[in-house]
Ligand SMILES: Cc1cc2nc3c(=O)[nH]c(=O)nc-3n(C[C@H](O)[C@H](O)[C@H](O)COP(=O)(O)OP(=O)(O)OC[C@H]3O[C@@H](n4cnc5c(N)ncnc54)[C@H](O)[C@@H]3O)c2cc1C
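The chain that follows stands alone, in the form predicted on its own, written as structure tokens.
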Amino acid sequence: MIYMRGIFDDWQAQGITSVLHEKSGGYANNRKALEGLAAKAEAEGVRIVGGVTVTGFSHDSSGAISAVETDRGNISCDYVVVAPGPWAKQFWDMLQLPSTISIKNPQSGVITSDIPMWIYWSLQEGTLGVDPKLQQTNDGKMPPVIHVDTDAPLYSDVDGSLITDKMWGIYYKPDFHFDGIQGGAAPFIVDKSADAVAVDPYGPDSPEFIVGEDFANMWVSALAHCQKRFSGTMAQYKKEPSGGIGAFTPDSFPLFDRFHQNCYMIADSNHGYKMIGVGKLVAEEICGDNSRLLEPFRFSRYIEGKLHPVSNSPFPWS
């Protein structure tokens, strides 16, 4: 409490036992950043063709991919890189990879079979329409993202009713692009088989996977739980389509691996835009220089029992 009040004098969340933070941080709009990268690629002679739907893959006699099948015809290729984000399962299926897998327990050695390779989580995000400068620190600076996990009871900032007495988590940051305080809460598993989930239309265009009043009440109340400056701001929550859906691996960690000899797949398990940071490592692997940093994220980790630690956080990616 004393430490956090040294940053925000109105900090009031109880029971915070661990604090980690960046000394400095920032925000990059994903679309603008990718447009900038595309311009750099085109300046090097790369041709980018949009509006093409991949429908499948052709293989040669050795099993390697010989062409990408699209709604505009087949494209012959020497190598394929697949980085599909929330459409990971669709590409996984087109590559004829297993829909269920076996996972070895590293402690007992017991192997559990028929575990779905993909599971969907509904992502919870929104924006509080206040001046982003409201979130200045005590010394007048703009802070990076704040992420809070806690098991303290959460009560509504509107009527005082109990929202949850289970573990919950939120993240938030001042955001001049969204013109407010933007952030989200822990996602929840979509209660459908992966085959029954419609990824498209995606994000705010989906009538099914956008946040509602329950999220607004929970998230703004959680902001008020953490900082007094957000008390009484529920009316300023932006009631606009927000949220989305993510395709997650069984352990919610990314997957970086080769398949069919000449196909490299980046399955981000909804770490999404953040995966831009591994581009150089992936490029080096494609050129033959295997990365020690990417080795723990191979597909073989499941059957070999080389699993990542299980987090106690309500966020699957923590």
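In this text, the rigid core denotes the largest set of C-alpha atoms whose superposition between the two forms falls within 1.5 Å. For clarity, every value in this text was computed on a predicted model and none was experimentally measured. One-based numbering along the sequence shown.
One more form of this protein, predicted together with the named molecule, exists but is not displayed; see below.
- Heavy atoms within 4.5 Å of the named molecule in the predicted complex belong, among the stretches 58-66, 288-296, 271-279, 40-48, to residues of 271-279.
- Not displayed here, the named molecule is approached by Glu125 to within 4.5 Å at the level of heavy atoms in the predicted complex.
- Although the partner is absent here, Ala185 sits far enough away that none of its heavy atoms falls within 4.5 Å of the named molecule in the predicted complex.
- In the predicted complex, none of the heavy atoms of Phe215 sits within 4.5 Å of a heavy atom of the named molecule.
- Although the partner is absent here, Val52 lies within 4.5 Å of the named molecule in the predicted complex, judged by heavy atoms.
- Residue Ile245 is the only one of Ile245, Val80, Cys226, Ile146 with a heavy atom lying within 4.5 Å of the named molecule in the predicted complex.
- With respect to the named molecule in the predicted complex, the three residues Trp92, Tyr264 and Ala283 uniformly fall beyond 4.5 angstroms at the level of their nearest heavy atom.
- In the predicted complex, Ala83, Pro84, Gly85, Pro86, Trp87, Phe91, Met94 are the residues of 74-105 with at least one heavy atom within 4.5 Å of the named molecule, listed from first to last.
- Core-superposed comparison between this form and the one not shown: the CA of Lys274 exceeds or equals a 2 Å shift.
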